[in-house]
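Have a look below at one chain only, the form predicted on its own, in structure tokens format.
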Amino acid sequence: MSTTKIINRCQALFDDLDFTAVGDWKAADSTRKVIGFMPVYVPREIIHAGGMLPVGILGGGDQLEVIHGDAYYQSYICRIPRSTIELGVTGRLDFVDGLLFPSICDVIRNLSGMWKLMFPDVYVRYFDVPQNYDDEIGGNYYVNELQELRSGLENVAGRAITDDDIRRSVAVYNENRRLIRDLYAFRVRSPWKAPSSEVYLLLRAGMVLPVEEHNQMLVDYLAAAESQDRAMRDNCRIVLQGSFCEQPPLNLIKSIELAGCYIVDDDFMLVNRWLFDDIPLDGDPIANLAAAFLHGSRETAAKYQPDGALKGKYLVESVRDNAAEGVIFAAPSFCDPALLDRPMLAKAMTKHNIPYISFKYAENSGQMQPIREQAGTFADSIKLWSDA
């Protein structure tokens, strides 16, 4: 299968604000249930173990006109809660049997309460995570949170979710994470063969497809991309940072690439890449999920970091490990976690002589020329004057 055919399928899924693929999956069996989740991270393994489909709800993007959603939220917050409300009140999320709101920020916390009021027949849970990484404190707390989530999902599924069910799901998601690591490693080696706009669409497809189908899609894309002959350009290599929640318009990613930048690392769709390593299949699967979060998950502004002195260390390592030449900070307007972290991360870049620029966007940003010009100037300056 060609990369073009695969990406066309991903593009169709990306453009479909009615979630037709999810609706078709659910309609194929009257017993099927769908659990939606907001960005960054939830343990999809437990949802899958209950025979249900985890679906990423990532706002309305730049194709949705927000009319009703603006009546529920003030203008000085990010756009994703307003467009998510718009999806809900226009019936586009009627297929959802439950919705998880992970601990991202106060806005998402408030959105979870709003959802309970607006859709009382839908299972809603604000999914909290530990801020203490001691196994006996934060670990025990998180195990209890996961057990409560498991119990709530069992009520939605109408059946028990056994330890063996979770182990089987962990194995499938381990494979998904391995394939995505392979995809990112391939992009680092040959970014001209795996444009970030395509990588992004592949990750977005994983938000609506059953994980087994997504795994096969990744296998097919990697095989096709490896064999495809594409022209290598004299682009600079950059890390894109700050887009972990409200997602950027696809044209923003394309504009950065057209400006002369290869994106060799990013924080898009962190749920796909949240855990560094495979989760063990032996032992207590809930305890294994908790330990993986505590000791093997990515740093992000949406996750508490106990040692503030290490702020920026992971980003410096990403630049070094991926042979990047600079960092572009791209965060949604009014995103408190990303924008509060940015000065500290920028300080770390300055300390290590890593060039960087920054700008803000909204998921419905339409004018890309200023961003393209800024990214292009940044790329040119790296080529001309940087020692990175």
Partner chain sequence: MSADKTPIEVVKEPSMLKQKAMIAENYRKLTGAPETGRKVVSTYVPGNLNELIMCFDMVNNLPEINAIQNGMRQKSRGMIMEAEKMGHSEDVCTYVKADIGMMAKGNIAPNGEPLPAPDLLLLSYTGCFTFMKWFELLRDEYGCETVMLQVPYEGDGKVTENMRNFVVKQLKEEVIPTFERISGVKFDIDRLRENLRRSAAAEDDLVWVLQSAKNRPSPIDAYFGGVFYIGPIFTAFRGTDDAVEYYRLLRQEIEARIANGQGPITPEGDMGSEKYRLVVEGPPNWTSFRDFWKMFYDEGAVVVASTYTKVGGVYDFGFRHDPDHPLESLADYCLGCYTNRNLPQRVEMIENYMSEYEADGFLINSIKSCNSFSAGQLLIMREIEDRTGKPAAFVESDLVDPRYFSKANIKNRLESYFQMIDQKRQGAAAA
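Numbering follows the first chain given and starts at 1. From a predicted model like this one, the values you see are computed outputs, not experimental measurements.
What comes next is about the form predicted in complex with its partner chain, which does not appear here.
- Segments offered: 220 to 228, 117 to 125, 263 to 271, 284 to 292. Contacting its partner chain in the predicted bound form at heavy atom distances within 4.5 Å is 117 to 125.
- Taking 71, 160, 185, 171 one by one, only a single residue has any non-hydrogen atom within 4.5 Å of its partner chain in the predicted bound form, and it is 71.
- The listed set 363, 325, 45, 341 contains one residue whose heavy atoms approach its partner chain in the predicted bound form to within 4.5 Å, identified as 341.
- Contact annotation for the candidate site: 129, 137 and 148 all lie close to its partner chain in the predicted bound form (heavy atom within 4.5 Å).
- For the chain shown alone, residue 254 is not a contact residue for its partner chain in the predicted bound form, no non-hydrogen atom being within 4.5 angstroms.
- Taking the partner from elsewhere, residue 237 is found to have every heavy atom lying beyond 4.5 Å of its partner chain in the predicted bound form.
- In the predicted bound form, at least one heavy atom of residue 109 sits within 4.5 Å of its partner chain.
- In the predicted bound form, residue 62 stays away from its partner chain, with no heavy atom inside 4.5 Å.
- Contacts with its partner chain in the predicted bound form, taken as any heavy atom within 4.5 Å, map within 269 to 307 to 301, 302, 303, 304, 305, 306, 307.
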